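Before any questions on binding or motion, here is one chain by itself as structure tokens, the form predicted on its own.
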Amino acid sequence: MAPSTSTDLRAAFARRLSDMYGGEVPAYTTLVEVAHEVNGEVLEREGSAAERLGSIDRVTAERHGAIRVGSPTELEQVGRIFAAMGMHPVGCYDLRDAEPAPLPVVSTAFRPVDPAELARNPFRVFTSVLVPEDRRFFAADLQRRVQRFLAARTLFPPELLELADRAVAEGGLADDDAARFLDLATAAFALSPEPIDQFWYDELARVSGVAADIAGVTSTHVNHLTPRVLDIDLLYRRMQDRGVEMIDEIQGPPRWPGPDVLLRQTSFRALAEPRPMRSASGAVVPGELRVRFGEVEARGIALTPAGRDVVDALPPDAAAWAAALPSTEAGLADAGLAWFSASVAPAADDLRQAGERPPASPSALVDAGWVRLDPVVYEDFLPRSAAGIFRSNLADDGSRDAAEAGVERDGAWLAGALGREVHDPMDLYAGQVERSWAAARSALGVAS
């Protein structure tokens, strides 16, 4: 039976995209193979502890993709497509001031927001939109030409958008419509064989390779597709052993003695891919571009705002992290630095049979063994890491005139462009934790 619900559509689309990208970028298939190999070894080595941040089935299926669009109209359309798959915009990532290399884009991530949906299939798509109005990157004349180019192209066929809207309105699609939706959605993100205007592409590349990848072509495509691995340091070494050139370092927190937190990412370097080019004379000649790469990630525990305040000020140095943070989950929870969900502990029945009564305070419920705390997985992204990955796979830094003024682009702007709410990641984590405590207290008969 063809998929119908948003969950089924999301899972099927993730599989199709992975198959397509593996055919387009063979080194991605190697990356997935090594990730599976490493995950199997970690599971054998650590047993159930390896699944502390998600079942091996979830980790194996987990992917995040990255795409880039050029205009608010294109962003709104891609939001409708992802909505059909139960994926909602979460977070605003302004990469225009990101280090080590500012990029002329603002991004959000489309993903499920319900923990149960994340457990079923946590597919995410990191989606960047170009900001041609930003004078630090684009002169007025280039802005006008970019916007004219973008207005003339169609990324997503009307039939795909109509099916997406119907899936949202009706809560799913009939079998034939679901199959058609998946065919059209997958094709929309395939690498196009259309010739690229060499002069136009090169002009944009002088601003930024990302700008050229967005507005220098008549289509969009998957920029990278990312599996999840349980030991990213081991994977990094294994990929190098296989002769795959990796970027210089792993982005994100260092490997330190405490629990994995937030997100660590790395990738193999963008490979030269043949692309037809149209020269100034109009002749189509063979060419090549290096814009797509294979990224891999390791996810850790989500940190609270207080936790982020601590780690965002730290250098990526294991000793500095060890000095500033508790080295255990319990220590992070006690200090209010990380998010943990609550559930009734297995020992609660024994405590009741022994005549004990649950205390009122959350900390006492945990200390006395009535409530168990489980880490909340970090489901989102880090601007510095995203910029670092992008930068590591660009030929150069492009150009940016810091003396010029930028233009405001924030979560409210994204919400207006999308026509839908952009969720705050911290609100989602806080809500998840609050609901878990309410359920645990209710099950134990403890007043809130």
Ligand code: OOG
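For every residue, the number given is its place in the sequence shown, counted from 1. In this text, all values refer to a predicted model and were calculated from it rather than measured experimentally.
Below, we turn to the form predicted together with the ligand, even though it does not appear here.
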Within 4.5 Å of the ligand in the model of the complex, heavy atoms considered, which of F82, F181, F293, F138?
-> F293
Checked S341, N223, Q77, N121 for heavy atoms within 4.5 Å of the ligand in the model of the complex; positive is N223
Of the candidate stretches 48 to 56, 406 to 414, 379 to 387, 28 to 36, the one with residues having heavy atoms within 4.5 Å of the ligand in the model of the complex is 379 to 387
Answer yes if any heavy atom of Q265 is within 4.5 Å of a heavy atom of the ligand in the model of the complex; otherwise answer no.
-> yes
Could you tell me if H423 has a non-hydrogen atom within 4.5 Å of the ligand in the model of the complex?
-> no
Do Y201 and the ligand come within 4.5 Å of each other in the model of the complex, heavy atoms counted?
-> no
Can you check whether R68 is within 4.5 Å of the ligand in the model of the complex, heavy atom basis?
-> yes
